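Here we start with a single chain on its own, the form predicted alone, put down as structure tokens.
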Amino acid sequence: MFNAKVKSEVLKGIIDVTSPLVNEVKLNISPKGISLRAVDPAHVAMVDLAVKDKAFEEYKATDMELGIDMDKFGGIMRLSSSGDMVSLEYDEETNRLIVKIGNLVRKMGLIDTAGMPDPKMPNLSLPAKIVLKASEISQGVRASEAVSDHLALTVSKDNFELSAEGDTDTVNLKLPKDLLVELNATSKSRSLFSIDYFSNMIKPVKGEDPITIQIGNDNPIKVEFDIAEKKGHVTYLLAPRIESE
């Protein structure tokens, strides 16, 4: 059984977080909420997302899995306006998800979850951690997109730095410790990442909301933030690009 009523923004948030990485996901439904974990087809990035039952206006569920086509679901949610209530119901007989937006009823066929993997979240111990406002980093990422396809992130005990180098142009964003919410680093850590992936990871976070970033030297990066008015949490992992000598 799965019956829920929720603000459209919560569902759009889940789509914004997931769809840039994967098109098909397995939603794990439980009495306590919904979660998913997926790896992109290139095995460069992973998303781990959980939204508690408290994020919903109404929520009744038993343990089950739903295979969702995120493109299709995103198309349905684009029919909703900000503040709309959306009802979700699983129809076991037809294996469809019934989505109600106002007077509109859309029945969406589900994907078989049998062949879908259950990726394990690697246990990473990364030496440097920073917490900063989304607006502080998104400006640097937008600037970098114009000059290169990758960016370097560097954390030292005094500051956080984002830099990108193209054929002719460069971008540099340096944030001292006093402009960051938190900085925890005993030594210098630096890694190189794909701008496309990193940009998609921070895009769902707006304005003053905090983003937590953990990095090491040529290690994967861990990006974390809350969604659904802090009743949901997202963790991304992104593999580094190793610089050729």
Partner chain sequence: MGVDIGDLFRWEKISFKDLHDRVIVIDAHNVLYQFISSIRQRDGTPLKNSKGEMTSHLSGIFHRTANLVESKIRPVYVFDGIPPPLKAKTLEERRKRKELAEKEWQEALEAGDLEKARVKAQQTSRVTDEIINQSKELLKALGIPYIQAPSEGEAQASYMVRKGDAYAVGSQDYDCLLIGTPILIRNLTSSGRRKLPGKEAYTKVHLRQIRLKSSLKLLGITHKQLVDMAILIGTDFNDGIRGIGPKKSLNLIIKNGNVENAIAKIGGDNVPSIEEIKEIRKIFLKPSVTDDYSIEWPGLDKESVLKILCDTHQFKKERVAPALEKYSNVENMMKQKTLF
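Residue numbers count along the first chain shown, from 1. Everything numeric in this text was worked out from a predicted model, so none of it was measured.
One more form of this protein exists, namely the form predicted together with its partner chain; it is left out here, but the text below deals with it.
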item: Residue 24: touches its partner chain in the model of the complex, heavy atom cutoff 4.5 angstroms; value: yes
item: 4.5 Å heavy atom contact, residue 122 to its partner chain in the model of the complex; value: yes
item: Contact test in the model of the complex: residue 149 vs its partner chain, heavy atoms, 4.5 Å; value: yes
item: Residue 7, heavy atom within 4.5 angstroms of its partner chain in the model of the complex; value: no
item: Contact stretch among 178 to 186, 41 to 49, 25 to 33, 206 to 214 - heavy atom within 4.5 Å of its partner chain in the model of the complex; value: 41 to 49
item: Three-residue site 79, 137 and 199 fully in contact with its partner chain in the model of the complex at 4.5 Å by heavy atom; value: no
item: Its partner chain in the model of the complex - contacting residues of 208 to 228, heavy atom within 4.5 Å; value: 218, 220
